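Just one chain is shown here, as structure tokens, and it is the form predicted on its own.
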Amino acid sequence: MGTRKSVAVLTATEKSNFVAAVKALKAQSSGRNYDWFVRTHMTYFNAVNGHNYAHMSPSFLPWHRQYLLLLENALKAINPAVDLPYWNWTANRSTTGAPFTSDFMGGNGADGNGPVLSGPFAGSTRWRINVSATSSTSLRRAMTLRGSLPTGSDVDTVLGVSTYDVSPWGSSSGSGMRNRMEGGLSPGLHGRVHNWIGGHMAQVDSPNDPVFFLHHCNIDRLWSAWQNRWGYGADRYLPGGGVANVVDVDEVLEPFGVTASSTLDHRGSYTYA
């Protein structure tokens, strides 16, 4: 069982192992390679067969938990020592500090709104964008141009909401933890971070930026903290069943072939440091 650590405490070896595994996954020509994850996110970003699986629905958190686990397992198949780290953006808020260092995720884009200039993912020869919503073949970032990162107080607000989700089970839900976490309701943790980084992270093809997985790992960590407070049981996920066009607790998360309920307790697969 793996332990997911903050990017701020990774050793030089842990950072280099993670980067090398991500690049090796990108280089694979078939199967569940890195570009498969980009393509899958693009496909399920909006509704598929009448269901919102990945976004704007109760399944936002379970869908991404399973998605992250598949990515982590694919990296472990390359190097078993690799665990997915999380970026705690309430503590690490600099454009030049963790994770945006030259030995890990690299820094901002050119002129603050262009191709990443430093680090292992700078330029199309080091990290070529193959599956994209735009014509860019180099990873782009535009950090700090749109909004601000969530604060610790914002996180406390979200974790203090005991109800997971409410009708109409989407971005217009007027209460519930999930919509506050995702971004349809203030303080909107998840969406604000995507916008703050900008570039590819503010697009449907956001997993082209490996920071995507560090950000979503932190979102998963916060959901885990919410579960520690309010419970891991299937009764804590809403809706419980029988709601049309919504993934209820016993329905399948496509395209993964597992139910939402099967993702709720991650503690047999990984823990957070």
Partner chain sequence: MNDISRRDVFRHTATAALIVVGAAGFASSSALAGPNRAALLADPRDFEETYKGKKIKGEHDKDKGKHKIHINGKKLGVVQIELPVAPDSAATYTAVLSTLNHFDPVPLDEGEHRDGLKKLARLAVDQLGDQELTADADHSHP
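If you're wondering where the values come from, they're calculated on a predicted model, not measured in any experiment. Residue numbers count along the first chain shown, from 1.
The following text describes the form predicted together with its partner chain, which does not appear among the structures shown.
**Q** Going by a heavy atom distance of 4.5 Å, is Gln227 a contact of its partner chain in the predicted bound form?
**A** Although its partner chain is absent here, Gln227 would stay clear of it in the predicted bound form, with no heavy atoms inside 4.5 Å.
**Q** Just to confirm, Thr43 within 4.5 Å of its partner chain in the predicted bound form by heavy atoms?
**A** Residue-level check for Thr43: yes, a contact with its partner chain.
**Q** Would you please decide whether Ala234 lies within 4.5 angstroms of its partner chain in the predicted bound form, comparing each non-hydrogen atom pair?
**A** Contact check for Ala234: no, nothing within 4.5 Å of its partner chain in the predicted bound form.
**Q** Hey, in the predicted bound form, does Ser206 get a heavy atom within 4.5 angstroms of its partner chain?
**A** Contact with its partner chain, yes.
**Q** Give a yes or no on whether each residue among Ala74, Ala260 and Thr263 has a heavy atom within 4.5 Å of its partner chain in the predicted bound form.
**A** Result no, not one residue of the spot touches its partner chain.
**Q** Taking its partner chain in the predicted bound form as the reference, which of Thr151, Thr101, Ser175, Asn92 has a non-hydrogen atom within 4.5 Å?
**A** None of the other options qualify; the answer is Ser175.
**Q** Name the residue from Val131, Leu159, Ala110, Ile78 that puts a heavy atom within 4.5 Å of its partner chain in the predicted bound form.
**A** Answer to the contact question: Val131.
**Q** Go through 177 to 185, 81 to 89, 116 to 124, 101 to 109 and give me the stretch that gets within 4.5 Å of its partner chain in the predicted bound form, heavy atoms only.
**A** Looking at the other structure, the answer is 177 to 185.
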